[in-house]
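We've got the same protein chain twice here, in two forms, each standing alone as structure tokens: structure 1 and structure 2.
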Structure 1
């Protein structure tokens, strides 16, 4: 029975990994090294602003270890969702780091670069073919025109093309998470179900182990009937519970994981403990459907200023919602000519995490309040936040005893300008073909 060994050093490029775990992973002679480099989890800012949510020095540290070892051993290195969000600006950022390492270490290799950006004119011309992904409105020309960057999520196919072209390193834009781990396997004819399921788990590396960690390594060994998984750090182990639980991760349906061209189907999946640290998975299937790609885009909506404060007065806490509504009203009255602003209170110790969905909104003996003001300019946001903070600080609520101030402000200055605010405006599907994304081969070094 043919087998393929896939090595995942870290959950996201820049999260790091212990050197000992990394070299233990290499000792298993992997056929391919896959690294996921991004996610939508940190929110729309990073795509909209064109910056990475991972630190440059941290990304370079990881690549400076991975890249020379992969080249020395002749192991293809596949990197997906470069720069955190996978737009051209993120791709260029990540490529610059790779070329910098190559120059410093005198490395020469063939690299494939696969952009994921969608041209706005193309999208506007095909607007009627798009459909919302989830309970969202239809895509409009305004959404497209206001988006700063628009990317689409590629599957495994362009990575397979790049491998056929002899690429030693493949740097991809926005990518379906399992793709970089499954691309070589699918190119070689392994079944899609097990290959993509193993990729789904490996993209988070040792998070699927016990104890879980995003900054540690995992190895997967694929065969024609299933796959086995194990961490390379002796302090961790894979269990049926940890692997099965991670298979539910980031899914709206516990059994199905949609992607470009089909869905991973886990209804017949079985998990078996092989030894203390290894789990075997069989029965994962793949259901083909029409080929569509998920598009993502975000736009600028304003600028943010924050104030962080604490409250411990039980009289104040007992009236907190009423006080905040009165403060909101005072801000509205004072800035009646400024309609383009948003004021929000996040109350930790009451419902700061879940907001209106909190099932048990019982305040504790102290609460933390974050005042968030978003407006059309940074100056306007600063003004709204400052007025709100001073009004709340000195608000004369019923039963008030101390008059020195209602808030404990841990920072000076108390108001923290946070810069541009973005929102997702594109989260839609577009019918496509697997060859939509085109690798570009470049000689490095």
Structure 2
């Protein structure tokens, strides 16, 4: 029976892996190495600001191990969602790291780069074809105009084209997570259900093992009926439970997992323990539907300044929220000309973690307060935060007996300018075609 071995060294490029696990994975002679480099979890800042949420030195460490071994052994290396968010600026950041390693290690190879950016004029012209993905409003021209970068998730198809073009390394912009693990298999004609389901699990590397870890390696062996999975670190194992439970993770519906052009249907999937560390998965189906791509974008909403403070006085704590509202009014009164700012108190020990969802908003014997000001410029945010801090520090609340100051400030300086703040404004689907994304071949070294 035809087989294909796919190796996933780490859950996210830059999260690392033990060297022993990596070389053990290579000992299984993988046909392809896939790495997912991205996530939306860290929030809207990283896409909006064009910055990677992963650390440059950590990404370079991982690639400096993977790249030379892949080239030496002739194993194609596919990297999806470069730079964490996969816009051109992230792609360039990751490409520069690869070129730096190539120069340092004297490597030369053929690389395909696949941008995932959506042109704003194109999107504006096609606005009526878009639909929201999840509980959010329809896309407006304002959303499109205000988004700093707009990316769309490509499927496996552009990676397959790049493989046909002879790429040794493929660096993709925003990509459907399983695509880099499934592209070679699908190009070779393996069935989509098992190939994409295997990719869905491999994209998190050893997170689907027991004990789970994003910083360790996993191997998947695909055949025409299903696949087997095992971690390469002898301290971990795949169990039916750990693998089956993985399709719950970060998803709304574990039975139907949508992607560009179709959905994985896991209603008929069977999980079977093969040996102590290996699980076999069969029966995963794929349902084709109209080809749509998921777009993402975020926009600048202002600049943030924070103060971290503690309160231990029981009289203050007993009327905390009233006092904070009075201080908020004082700030508004003093800066009525600063039209558009956001002032918020995150109160740890009361409801700092759950906010309005907190079922038990009762303060502890001490509480931590983060004063957060967001305004149109960093200077304005600094002003609001500073004024709020001094007002709160010396505020004469009802019944006060500790008259020297209301806050314990752990740091000097007390106020921390935190830079630009973004919010998601695009999370919508657009009808498209698999060949919308075009690989560009570059010679490295």
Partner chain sequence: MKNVAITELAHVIRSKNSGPFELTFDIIFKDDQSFKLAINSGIFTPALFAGLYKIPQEEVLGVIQYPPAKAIKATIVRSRPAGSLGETDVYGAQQHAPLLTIQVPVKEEDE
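Residue numbers count along the first chain shown, from 1. Given the structure is predicted, the values throughout are model-derived calculations rather than measurements. For the two forms, the rigid core is made up of the largest set of C-alpha atoms that agree within 1.5 Å on superposition.
*Asks:* Given structures 1 and 2, which represents the form predicted on its own?
*Replies:* Structure 1 is the matching one, since it is the form predicted on its own.
*Asks:* Does residue 42 show a Cα shift reaching 2 Å between structure 1 and structure 2 after rigid-core superposition?
*Replies:* Superposed on the core, residue 42 moves its C-alpha less than 2 Å between structure 1 and structure 2.
*Asks:* With both forms fit on the core, is the shift of the CA atom of residue 328 between structure 1 and structure 2 2 Å or larger?
*Replies:* After core superposition, the C-alpha of residue 328 moves 2 Å or more between structure 1 and structure 2.
*Asks:* Degrees of turn, smaller rigid part against larger, between structure 1 and structure 2?
*Replies:* So the smaller part swings through 9 degrees relative to the larger one.
*Asks:* Core overlaid, residue 354 C-alpha shift between structure 1 and structure 2, how many Å?
*Replies:* A shift of 3.2 Å.
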